[in-house]
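Below sits a lone chain in C-alpha cells, taken as the form predicted on its own.
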C-alpha cells in the first residue's frame, strides 16, 4: 500500500480531468501525477528525511503530499498560524527536512537546524519541469510513514501523530467509491493543510475524480460567492464556519446554491440550532456529520443526509436527538464505550469512547503505539451509544465535571443553554469549589441586541435539567476561544475564570 496508488488510479482513469484549482492556476490529474514524480526525484536526490509544509493551501499541497509518498519521505504539514517560537520548537523534531513555505515564514527557522526552505512558487515550478512521465517506482510497504501531523497541543506540547500508508489507504478504500464523481462535480476546500481533513480531502477527491477549488482564507461571504461562481457541488466545513455561513444567510437572504448537493462538517461540536437553521436554509442540500481524529486517519463515524432529514422532521424526541449525534461507525470500524475501570458499557450509558479498525493508527513519535493488546484506541472523548448504534459525544473525557459524587457532562448543559433565544454560544466548565469539589460555571455569548439575566438562564437550565446542573456562575463575553479548526479551547476559559477575566 502507498497513497500514490490513489493518484496513479486517478491519472489512469481520468487523467485529463482538472484535479485542483488555486486562483487562476490548475492541474489535471495527469499533470499532478507527473509533478509528483518530479518532486519524488528531487527529494531522493536531496539530503532531507522529511518534506514539511508551512503554508496555506495551494497547488503545492497535493504535489507535496503525493511527491513525498512517491519518494518514501513523510509529509509534515505544520500550522502556519503558529507563532515563530512555536514553529522554531517543532522544526528540530523533523530535521533534516525540506520546508515548503513562503517568505514570511523563513524567519521561523532557527539557526543550526537542518531545515532548508523552498518557496511555494519555486517548488511548483520545479514540480512542473518534468519532461516526461516517470515510471512508478514507489515502495509498497504499508508500514512506511506517510504523514506526520502535530496535534493542536491544547493540553501540552504538540505530539507528532504517525499515519502510515495502510491507515490512509484503508480509510480511502473503505469510504470512497473510485471514480464516483461526475466530470462537473466540484469540491470547495477550506480546511487547512495541517488538519487531517485537509490531508484526506486531497486523497478522497483524487480517488473520486473530483475537482477541488482551494479557498485558503475563509469568510462566510467569500465562501458563498466562491460556491456560486465555481458551481460547487460539495464542501467540507467545521461547525464554526457553518455557523458563520448561517448567520450571513440569515442577514442577506437565500443561499441561491442549486448545485450544492452536499455539505459535510466535523472537527468540533455542532450546536443543534445551527444545524437546524442550515437544514432550513439549504433544503435541497444533503448534510453529513463526520467524526474522527488525526489518530484515526480521519472519519470513523458518519451521520448521513437521510439521518439528518429524518431527525429534523421527527416529533419523536429519541429520533430528533440524533440530529446532534455524530452518527454510526463506518464499515470496518468498531466502537465501544468504557467506564473508568475499562469495562464495556451497555447502550445509553456514558463513558470514554474506544475505537478499533484498520485505519486506526493511535501512534506518536517517541511514544509508540497507544493501542491496547486487542487493537483498541482510547479517543479521550466522552460519550454514549444509543440502542441503534448512534454515537453521542459530550466533550473530552477530562472535561467531565465532578460535583460531589456526581459526574456531569458540560455538553448536556451547553445543549440546553444554547436553545435559549438569547444565547448564541456557550461553554460550560468545572471550577474549584470548597464544598462540592467542583462547581458548574458557564460563559455565554449573546445574540446581537439580545439581553437576558443570569437568573433567567439559571432558571432555564433548572426547568430542563436537574437543579445540580444549574450553573453556579454565568459570565457574559463577546466571543469564545476556538482554535482554527473549530475546537473550543476550554482550558482558556478555565484560566480566564480562575484569574477573574
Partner chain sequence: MNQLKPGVRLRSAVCDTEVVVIAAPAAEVTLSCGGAPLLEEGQEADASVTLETGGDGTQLGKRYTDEDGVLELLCVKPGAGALAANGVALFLKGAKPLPSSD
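Numbering follows the first chain given and starts at 1. Please read these numbers as outputs of a predicted model, since none were measured by experiment.
Omitted from view is the form predicted together with its partner chain, to which the following refers.
Every member of the trio 175, 288 and 299 reaches its partner chain in the predicted complex with some non-hydrogen atom inside 4.5 Å. Annotated contact segment (heavy atom within 4.5 Å of its partner chain in the predicted complex): 301-309, selected among 301-309, 273-281, 89-97, 412-420. Of the listed positions (75, 390, 194, 207), a single one reaches within 4.5 angstroms of its partner chain by any non-hydrogen atom in the predicted complex, namely 207. When its partner chain is considered in the predicted complex, residue 489 lies well away from it, no heavy atom lying within 4.5 Å. In the predicted complex, its partner chain lies within 4.5 Å of some heavy atom of residue 138.
Residue contact check for residue 12: one or more of its heavy atoms lie within 4.5 Å of its partner chain in the predicted complex. Of the heavy atoms in residue 264, some are within 4.5 Å of its partner chain in the predicted complex.
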